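Shown below, as structure tokens, is a lone chain in the form predicted on its own; questions about how it binds or moves come after it.
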């Protein structure tokens, strides 16, 4: 069995009295797209920064590509990363910006056409960076991270600020990169997108791991759910309060309320009671459907159980 590309053992980072990462144990298998899930402030970025040698741990140990965290020079040449928004020269083309990167890093410029092709920018490489959309800028940043032919690609919230088209393109790019043999570790709060692209998940809360394993394992451990929507979006918060009194793990997701059905023995009776309670509050329901649980449902359920 291949050795995991990332292993942490009680990895901890404190800033004064605040603990950002708290004795974190995690593994990232080889050859997967691994999602790193957690709310803002859960310790995701700090963990990634420690793995990349940008932040020194307070305690604990880790290995990346089989090399100890204490010796980042032994593994960083085989790691590509995009932690913050990419920084390029606005007036230069995408191709010229990558040429600058290869010169600074001592890498062969012959890699540029290949990475532009991988990220879907082969036909826009000659255009000025300032003309790129946000999604194209993110993809050029990933192209830069791929110049060194890494074995591990680390991305921190690569879909932040992207529109639905940009998110879909990023999802397709991550799958394409992984299918090419790389291991991808990506942090994101876009749980629906992670469900569609990730093979493996690590979920953290307040710097500690709350789940680790295959995406299918997490979803299989879930339950069916009820999706409820109101005629007027302004009524959703009132409906959520009604539901939370019965099912504490319920959550609002967009213009719907999602209700996990674990612990609900009489689903038909529950739906009837919910409908009556909504009517009493002058809330008109326009959707009430039962379906399979989602990653967002499992995340809300796990967080609610802590």
Partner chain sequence: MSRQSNDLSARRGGAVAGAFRSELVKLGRRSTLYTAGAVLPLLALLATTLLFVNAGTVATTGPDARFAPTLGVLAQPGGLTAGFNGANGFLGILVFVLFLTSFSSEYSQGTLRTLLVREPRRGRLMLGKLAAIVLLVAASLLAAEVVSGGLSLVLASVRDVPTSHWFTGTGVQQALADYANALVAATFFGVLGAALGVLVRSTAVGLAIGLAWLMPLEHIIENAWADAAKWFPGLLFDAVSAGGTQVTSYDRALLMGGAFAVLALAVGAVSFVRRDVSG
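No experiment lies behind these values; they were computed from the predicted model shown. What we label the rigid core is the largest C-alpha set whose atoms superpose within 1.5 Å from one form to the other. Numbering follows the first chain given and starts at 1.
Unshown form predicted together with the partner chain; subsequent notes refer to it.
field: Contact of residue 209 with the partner chain in the model of the complex (heavy atom, 4.5 Å)
entry: Because no heavy atom of residue 209 falls inside 4.5 Å of the partner chain in the model of the complex, the answer is no.
- prompt: Just to confirm, residue 88 within 4.5 Å of the partner chain in the model of the complex by heavy atoms?
  reply: Judged by the heavy-atom cut-off of 4.5 Å, residue 88 is in contact with the partner chain in the model of the complex.
query: Would residue 101 show up as a contact with the partner chain in the model of the complex if we use heavy atoms at 4.5 Å?
result: Heavy-atom contact with the partner chain at 4.5 Å: present for residue 101.
query: At the 4.5 Å heavy atom threshold, is residue 72 in contact with the partner chain in the model of the complex?
result: Answer yes; at least one heavy atom of residue 72 falls within 4.5 Å of the partner chain in the model of the complex.
message: Among the candidate stretches 117-125, 227-235, 143-151, 173-181, which one is within 4.5 Å of the partner chain in the model of the complex when only heavy atoms are counted?
response: So the stretch in question is 143-151.
task: Would you kindly say which of 191, 167, 219, 83 lies with a heavy atom within 4.5 Å of the partner chain in the model of the complex?
output: Residue within 4.5 Å of the partner: 83.
- prompt: Just one of 109, 214, 134, 105 has a heavy atom within 4.5 angstroms of the partner chain in the model of the complex, so which one?
  reply: In short, 105.
- request: Inspect the rigid-core superposition and answer whether the C-alpha of residue 126 shifts by 2 angstroms or more between this form and the one not shown.
  value: It does, since the residue 126 C-alpha is displaced 2 Å or more between this form and the one not shown after the core fit.
query: With the core lined up, does the C-alpha of residue 74 move 2 Å or more between this form and the one not shown?
result: After core superposition, the C-alpha of residue 74 moves less than 2 Å between this form and the one not shown.
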